[in-house]
Structure formats: C-alpha cells, structure tokens
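Next come structure tokens for two forms of one protein chain, structure 1 first, structure 2 second.
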Structure 1
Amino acid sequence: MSNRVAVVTGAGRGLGEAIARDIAAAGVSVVLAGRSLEPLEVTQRLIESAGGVALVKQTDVTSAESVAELFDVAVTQLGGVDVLVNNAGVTGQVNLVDLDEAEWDRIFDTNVRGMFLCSREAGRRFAQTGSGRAVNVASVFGLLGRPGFSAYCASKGAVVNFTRSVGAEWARFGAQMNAVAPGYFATDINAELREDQSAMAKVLRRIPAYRMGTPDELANIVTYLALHAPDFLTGQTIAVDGGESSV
C-alpha cells in the first residue's frame, strides 16, 4: 500500500463507486463521501474485500461545515489528503420555461457549490504540501447543449471552466486539477432507459461507438489523472464519450 489518501465524493454508487474501487486497487486509501450511508458502506466492503483501505464519511457537499469535517477526518484518521475526486452530482430534465428556482438551485448547489467547497478544502492542504491532484467529473452535457437540460448543462459547463481556472492557479504551487466529461455510461441511474429499446436507439444514434461506456472505462481515466498523469497536465477536460462530442 502507498501512503496516499484520496477523497471521493458521491462514492456510493455508479461511476463514483467504480472510481473509488479503481483508485483503492492502486494502493491508495480512500475516504468515501456521500449523503447516504448505506451505499457508501457497500462500496467500503467491496474495497476491503479486495484488500484495500476505505473509510466512510457521510457528507453533504453543499455544506461548508460538512465538507470541512470530511477533510478533517481524512487528515486525522489517514494522515492527509493527496487526491480529490469531485464526483457528487445531480441531474434533472425540465424545459426552461417550466424550470423553477428551487430546481435550478438544487442542481447548482451540488454540481458547482459542492465542487467549490471540496476543492477549496483540498487546495488549502495542497498549497501547504506543494502537491496534490483533483479530478472533477463534468459531463459531455457541459460541452454540448441538450434540450430540457439547461440547468444541468450550465452546471457542468461551470465545472469545465472552474477546472481551467483552478488548474492554472494551483500550478503555481505544484498541484493539478483536471476533469473528465463522461458521456453515456451504463449505471443504475439509466437502467430504465436501457430497457427501453426505442429510447436507447435514439441515444446510440448520437454515439459513434454505438454503445454506452462501462464504469471501469471512466474509472481508469480518473485514476490515471489522479495518480499517474504528468504534472505538466493541468486545467484540461477529457471527454470520455465514445466520440459523441466529436460529431
């Protein structure tokens, strides 16, 4: 095992679970953060059964106090924070004319405010140590427009530009921030969609690879950025989308 410690938000299911497990398999101790305790404990058991080290911390990423407690736990119990993966996110499909302020705020609170609060806590520690990596999970919807997803697209576009700005800022003291922009991946979130042949056909027509990705395909890229990428790579967003954003 290495001495490195990673904090992964939204680690209880889907892409977050896959990312946490892949990072743990590389010998990194992982702090699993999320609102729901039970899914985090499932991820913890999977990591530990594979010989890894995982700690669970129930966290509301929209709360500055909760996020501060998350990082304090990582430092006091595991010795520090070397990696942050901002994966916590929510989505919603509502046409703009029907979109109320509460739904807009719900999406931005998690996808943007949560990323900001976690990155600020990590950055303060990275500045002290002169090293550190953050990987933000954006979305291909942050690179493209999609009808009915104005709030979600705007929030993920904010992730992309936040990554550019902070990547340049952190480079001055030796830390890096990059992002991934996943397209469609087969997870529990879209299980209903995948069972609808007509809806799936519409989705697949937009993807040159003509399939959804598997969670491990995204996890591998995140782990590379978090642990293995050169220090000279920062502020960038890598689309992992089967070519969807290229056409």
Structure 2
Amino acid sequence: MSNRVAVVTGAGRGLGEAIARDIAAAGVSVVLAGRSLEPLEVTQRLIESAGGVALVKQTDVTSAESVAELFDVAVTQLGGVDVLVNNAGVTGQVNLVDLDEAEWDRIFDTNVRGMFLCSREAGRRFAQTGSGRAVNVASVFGLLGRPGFSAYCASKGAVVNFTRSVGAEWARFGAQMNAVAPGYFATDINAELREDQSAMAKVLRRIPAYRMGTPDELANIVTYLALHAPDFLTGQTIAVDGGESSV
C-alpha cells in the first residue's frame, strides 16, 4: 500500500484521528485536513512515531478554494489521491421552532456542502485514473429521526443518499463510494451529553450493546471500506452502532 494516498477530513481529533491513524498503519500516506492546525500536528506526530507518513493541510471543507488547495497539496506533494474520507462534521441540538437559518446553514455547510466539495475534487481525479475510494461518515441520525436534531438528521440523511447516488455514478469508471453510520462514540462532539448522567442513561437504554463505541471500532470499518472491500460494494451505508438502528 506504500504508494497510496488518503485524504482524511477532521483528522485532528475524535473519529477522524482514529481513522487517519488506522489508514496510515496500513502503509497509506495520509493528508490530514481540518481548520485547527495544532490538533492536526498532534495526529501527524502520532502517525510518524508509528512509522507512517502524514502531511498536514489546514482546510475549511465549506470553502471550495480551501478544498481545491487540499487536493493540490496531496497531488503535488504525494503524487495523487486514492482515498477520501469525508469525516469532518458538526452537530447541534435545537428544536425546529427555535432553529435559525445560521445554525441550519452551519450544519449543512459542513456536513453536506463540505462532503460535496471534497468528493467532487476526489471524483475528478478518480475518473481520470479509473479507480479510487471515498468513505463518508454519516450517522445513525441519518437513518433515524431524533427530536431536537432535525438539521443534523437531515444533513446525515443527505450523506446517505449522496453516497447511493455517487456510488452508482462512479461505478461506471471503477471508483467506489460507501458510508458508515456511527452510533454513539465518545468524542468531543458528545462531551456535553456524556456529562449529563440522566441523558446518558436514556441513550444507553436505546443501545442493545449498552455502551458507546470506541473510535478504533469505527476506524476499522472505514479502513476496510477504503482499502480492502471488494469493488462490487458501492453506494452502501454500514451502521456501526451496537445495534441501535436495528431495534
């Protein structure tokens, strides 16, 4: 795998950091993207100290210009892009009657527009080479409804159906797009929830495995889809959720 290159967005912390480390451990050079430089550099050091190759590129996935620069760096410094992981994402809990346009746009700009911009850049290169893999990080909230999360649920539902459409589109030229739908994993995105014991108890009651996942459990599936899955698997979303979306 040593000549392959992966771009991972939101690679400075949480699930993105675990995914970047796991893909790098498979011998793939990784470009680490996100808005804050320092956490990306920490991930870079972790990958390098494990013997891997990682570059850092400060990127705002909501900006077409910033995303174009990210892919230019991957191509000029590492020779191309074989894998894209659209992991960058934000959430927010507001009931619809109180949801303002700025909050709706913040969530859709990152979770949907960001995925679109990165996928378009990757897809243009995959179409030229006749290969390539994209893995989108959706959410069980994209498969289920959840009061207070209409914008987030709608944005992740968009990720799931974008994955189906683009998976079918790219199959014509030999590239694949799949997605994972994480349930609850302990990261910064749910730090507030984890501090609230009664809310946590309610969450755990909904999860047959009765626990949150560990970032490595998600990273393993993303790496499988990015590097090892058969080419015939495309357009699919795999829930990694301790059974939450099955009941």
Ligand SMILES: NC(=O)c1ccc[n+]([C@@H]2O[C@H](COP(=O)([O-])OP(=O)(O)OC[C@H]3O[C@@H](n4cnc5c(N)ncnc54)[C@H](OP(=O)(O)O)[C@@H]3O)[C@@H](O)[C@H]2O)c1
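Everything quoted here is computed from the prediction, not taken from an experiment. The term rigid core refers to the most C-alpha atoms you can superpose between the two forms while keeping them within 1.5 Å. When a residue number appears, read it as a position in the sequence of structure 1, where counting begins at 1.
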- Query: Pick one: is 1 or 2 the form predicted alone?
  - Reply: 1
- Message: Keeping the rigid core superposed, can you check how far the CA atom of Gln197 moves between structure 1 and structure 2, in angstrom?
- Response: 2.9
